[in-house]
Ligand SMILES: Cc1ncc(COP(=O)(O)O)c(C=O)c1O
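Only one chain comes next, encoded as C-alpha cells, the form predicted alone.
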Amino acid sequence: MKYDFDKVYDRKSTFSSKWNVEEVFGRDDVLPLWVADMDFRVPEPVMVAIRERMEHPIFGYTAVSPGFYDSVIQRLDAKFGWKIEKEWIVITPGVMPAVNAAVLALTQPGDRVVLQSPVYPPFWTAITHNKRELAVNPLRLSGNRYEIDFEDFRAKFERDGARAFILCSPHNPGGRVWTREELMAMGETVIGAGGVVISDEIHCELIMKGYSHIPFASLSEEFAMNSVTCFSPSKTFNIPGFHVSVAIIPNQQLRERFNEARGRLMGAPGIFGLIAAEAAFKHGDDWLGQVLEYIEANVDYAVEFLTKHVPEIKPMRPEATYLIWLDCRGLGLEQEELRRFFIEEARVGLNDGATFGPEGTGFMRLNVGCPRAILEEALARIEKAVKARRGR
C-alpha cells in the first residue's frame, strides 16, 4: 500500500496534546513541531486489527495473547538478531513508567544514578523524584555531534560510586546512534563497578540510512544479566496514545524486583494497545519503510534550508529519530528570550533545550515528523523572524 504522508489531518478536533497550542504556548497561531508525536496516519494493518476487535461488543478485562509475546520476540530477532525468551518480557504502559520502576527496583534511596546531558527531560525526574542522586556525565559537542566523555563517565562509577546508568539509545535529543565500541565501553564500566544499565531504546527502529542500532543487552550475556531494556512500538509506528511498551529483563532476580515495583506504580495497557502493538510489529514494515524515507527527506530539507537561509541556527543532523537538535546560540539570546522568540516572533512551537539539562541552554528541539507543507511553513516563519531580528 502506498501511504500519503503529505496529507494534513485535523488533529485539534481529536484533543491532540501536540496541537493543543493555546494551552501549551499561550496562543493559537503557533505551528507545533515539538513533542515526539508524528502527524502521520498509522499503518493500515493496525487500523484493520482495531476495527476487527471493535466488531465484538464487549471490552472487559483482557489477558495478553500469545501472539503479542511472539510479535515482540520475532521483532527483536528479525531487526537486531537479538534472541530473547518470553519469560524476559514484562509489559508496561509506557517506557517512562518502566524507567521509573527500574530506578526504584534496582537502586536504593541516595544512590547515584548517571545520565548524559542533554537528555530527555523525564530522565531527570525519574532520579530525583525517586530520592536518588543525580550524577551527570555531560556529553561533549565535537563539531556537530555529541561524543561521550569517557574519563568523566568512568569517574562517576569508579570514584563516585554510582550504582546505575540510564542510557538513551538512540540519543534524544542529539540523534546519536551509539557504536558498538561506545556501548561496550559504557557497559564494561558500569557492570565492572557493580552497577546496572537501564536502557531506553524507544527510538531504535527510527534509524537513518548508513547507521545500525545495537540493543545494549544483545552485546553479551553479562550485559543482558545486568540490564533492563525498555522498548515500544509507540514512536516507531506513531501509536503513543495506546500506552504500551515492554521491558526486557533476562535476569530473573532483577525481573522479580522490577515486577514488585511495577505492581506499586502502574496497571496494564488496554486492549487496543496490545492489539495495535502486535499488528504493527507483525505487519507494519511496509509503512515503516515508507515513513523512514519521508522523514529522512524532511531532515535533509530542514538541514539544508537552515544552513542556507538561517546560518545563526546550526542543525545537528540526526543519525536516528525524527528530531533535530538546533544550536541557536548564534542568535545571541538568553534562553527565556529564545523561547519567546520562537513562540511570539516565529510562531513555531519547539521544545525548550534547557529542559534537557544545563547543556541544552541555547538549543531548541525541532520535530520533522510532519507533512512537508507544515515543515516548509514553519521554517519559512523562522527565517522571516530571524531576518526581522537582523534588521533591528
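The first residue of the sequence shown is number 1, and the count goes up from there. Small disclaimer: the values here were computed from a predicted structure and weren't measured.
As for the form predicted in complex with the named molecule, it is not shown, yet the points below apply to it.
- In the predicted complex, Gly94 approaches the named molecule with a heavy atom inside 4.5 Å.
- Not displayed here, the named molecule is kept clear of Arg132 by more than 4.5 Å at the level of heavy atoms in the predicted complex.
- In the predicted complex, Leu274 stays away from the named molecule, with no heavy atom inside 4.5 Å.
- The closest heavy atom approach of Leu326 to the named molecule in the predicted complex falls outside 4.5 Å.
- Each of Tyr120, Asn172 and Ile202 places at least one heavy atom within 4.5 Å of the named molecule in the predicted complex.
- The listed set Ile127, Cys168, Ala224, Ile84 contains one residue whose heavy atoms approach the named molecule in the predicted complex to within 4.5 Å, identified as Cys168.
- Taking Arg75, Lys235, Arg262, Arg163 one by one, only a single residue has any non-hydrogen atom within 4.5 Å of the named molecule in the predicted complex, and it is Lys235.
- With the named molecule omitted here, the record of contacts in the predicted complex names 95-103 of 290-298, 136-144, 95-103, 185-193, defined by a heavy atom within 4.5 Å.
- Residue Ala36 is the only member of 28-64 with a non-hydrogen atom no more than 4.5 angstroms from the named molecule in the predicted complex.
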